[in-house]
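Before any questions on binding or motion, here is one chain by itself as structure tokens, the form predicted alone.
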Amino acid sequence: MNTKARAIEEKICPLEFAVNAISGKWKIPIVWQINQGHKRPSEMLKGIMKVDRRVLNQQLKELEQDGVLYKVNYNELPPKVEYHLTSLGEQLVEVLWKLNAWGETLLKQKETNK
């Protein structure tokens, strides 16, 4: 393999990396729930009606691994766990607000084109 082809293969696109970190049907709703103060998985299940507990736990784990969330385990019975946004997660919320505004613009444009 020549050097040029290897350099292209190893190049990482930051946008693709970011999108992969938040891809998953429930990751953005999970981040919103935590941002709104719903920190326990049981609260998130109530706020995100159609998500399965197993899927919720998997996506929480992935968001934690990507540095978007951190988990606090309380040493008590019954067991208690809370999730919080990291500074990276708070930056993501700012981006999501901008994306939300862009979505509103798209909706208005769609209504205008009817």
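In this text, residue numbers run from 1 along the sequence as written. All figures in this text were calculated on a predicted structure; none of them were measured in a lab.
Another form exists, predicted in complex with the DNA; not displayed. Remarks below refer to it.
Please determine whether Lys98 contacts the DNA in the predicted complex, using a 4.5 Å cut-off between heavy atoms.
Heavy-atom contact with the DNA at 4.5 Å: absent for Lys98.
Mark Pro79 yes when one of its heavy atoms lies within 4.5 Å of a heavy atom of the DNA in the predicted complex, and no otherwise.
The answer is yes: Pro79 has a heavy atom within 4.5 Å of the DNA.
Using heavy atoms and a 4.5 Å limit, would one call Lys61 a contact residue for the DNA in the predicted complex?
It does: once the DNA is placed as it appears in the predicted complex, Lys61 has a heavy atom within 4.5 Å of it.
Flag Gln36 as yes or no: does it have a non-hydrogen atom within 4.5 angstroms of any non-hydrogen atom of the DNA in the predicted complex?
So Gln36 does not count as contacting the DNA.
Can you confirm whether His84, Ser87 and Glu94, the three residues that make up this candidate site, all sit within 4.5 Å of the DNA in the predicted complex, judged by heavy atoms?
No, the candidate spot makes no contact with the DNA.
Can you tell me which residues in 16 to 34 come within 4.5 angstroms of the DNA in the predicted complex, by heavy atoms?
Gly24, Lys25, Trp26, in sequence order.
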